[in-house]
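One chain comes next, on its own, written as structure tokens: the form predicted on its own.
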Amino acid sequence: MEQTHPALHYVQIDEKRCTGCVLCMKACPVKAIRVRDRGVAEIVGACIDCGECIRVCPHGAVKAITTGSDPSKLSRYTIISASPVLYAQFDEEVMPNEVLLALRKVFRYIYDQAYIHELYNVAVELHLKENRGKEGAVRPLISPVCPVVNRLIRYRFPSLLKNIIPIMTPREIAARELKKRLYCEKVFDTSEFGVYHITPCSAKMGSINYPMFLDSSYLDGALGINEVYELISKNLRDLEEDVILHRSSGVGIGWGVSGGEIAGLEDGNFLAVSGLSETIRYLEKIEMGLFENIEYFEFRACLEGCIGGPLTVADRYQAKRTVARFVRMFGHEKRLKYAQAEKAYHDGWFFNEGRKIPLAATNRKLSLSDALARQKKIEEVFRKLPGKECGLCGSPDCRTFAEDVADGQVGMERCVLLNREKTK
């Protein structure tokens, strides 16, 4: 697919480590990877940075590109807004406040992003109330929080872009408010500090450098949880116990697991889906006009939610147990003043200014006749193939190989099994 930017994806394949085993190619949900003449995996299509290739590579040849990959790109004064998934990476006895205090030993300014999650929940509740009963209202609405899902919708389900709720993500709201506060209080010169998100997700860099619904992101970069884990672990001793940095209840922390976002909403018809294959299946059904009885979908590309992100350290099921413990410990009631949050909503505090629905990326601009001719060619090629889905041709499956042949990227001779049959 056509890429507007020269480096739109933030997953990198190390050719020296890659053996061309095709596991990443087979795992890619958008069929963006090929293994051809050079014998190594290459990203040739519209990568959505889901990180599935990172998970399956047995040789460590695939990695995510973050700001932490090159510390020289960090600002002089680094402001940290951490995903609450970070709290679930340590022993159950390590409290969220201790994690934030350990971070503060290294970085100058730390913010508990989980608190913004609770504010976001209020904004969604109010938006859903406005949407109910409104003539021509879009249903179901879709959470904008997962950047992988956003990009998946953009490339594969562009008709559903209008379903993504027009509220800024908590990470962007947190970054915006931090910058406003530091600017107003004149803590740092604006050229000296940057706000960075600690993330479990390989797609955050793409959402920061090329945001879908903002002219530019309020974040300056992202650090993987795996990049700061050891740093935090070393600093968990001799902490300033009397300093409170953690502000959220269990509602904000619960966002780390699938269903955590909608658990913070008042009564309504909501659904949480995790895992890319399940997400794709449900998006297909929504595109078909199903689930109009559902008001709001919380989609997460990773199994079990963000605790299953490719940049996490802890086992996702252990992390899930830790999150559940913190939710019980810190309670199911939001720690905010509802009237203030409601006023902020009506003042437009939660919304993107002048939000525009991004255009869907397409791999070509074909006339109707050319598109029909291409489809006919694909079907002709596909009928000739053995249908073994082996991947030996360097394409992930027979259908994709037929598309590659129709587009002139490869020839029929690339099909090993077909050539073998001809030889016999």
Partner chain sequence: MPNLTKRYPIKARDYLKAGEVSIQIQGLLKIIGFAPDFIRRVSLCAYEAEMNVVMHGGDGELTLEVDTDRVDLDVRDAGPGIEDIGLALQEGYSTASEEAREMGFGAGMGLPNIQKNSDSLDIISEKGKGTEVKIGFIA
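For clarity, every value in this text was computed on a predicted model and none was experimentally measured. Residue numbers count along the first chain shown, from 1.
The same protein also exists as the form predicted together with its partner chain; that form is not shown, yet it is the one meant from here on.
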Heavy atom of Ser216 within 4.5 Å of its partner chain in the model of the complex:
no
I'd like to know whether Ala371 contacts its partner chain in the model of the complex, with contact meaning heavy atoms within 4.5 angstroms.
yes
I'd like to know if Arg328 sits close to its partner chain in the model of the complex, meaning any non-hydrogen atom pair within 4.5 angstroms.
no
Met288 versus its partner chain, in the model of the complex: is there a non-hydrogen atom within 4.5 Å?
yes
Taking Ser159, Arg281 and Glu284 together, does each of them reach its partner chain in the model of the complex with some heavy atom inside 4.5 Å?
yes
Residues in which of 30-38, 56-64, 376-384, 389-397 have heavy atoms within 4.5 Å of its partner chain in the model of the complex?
376-384
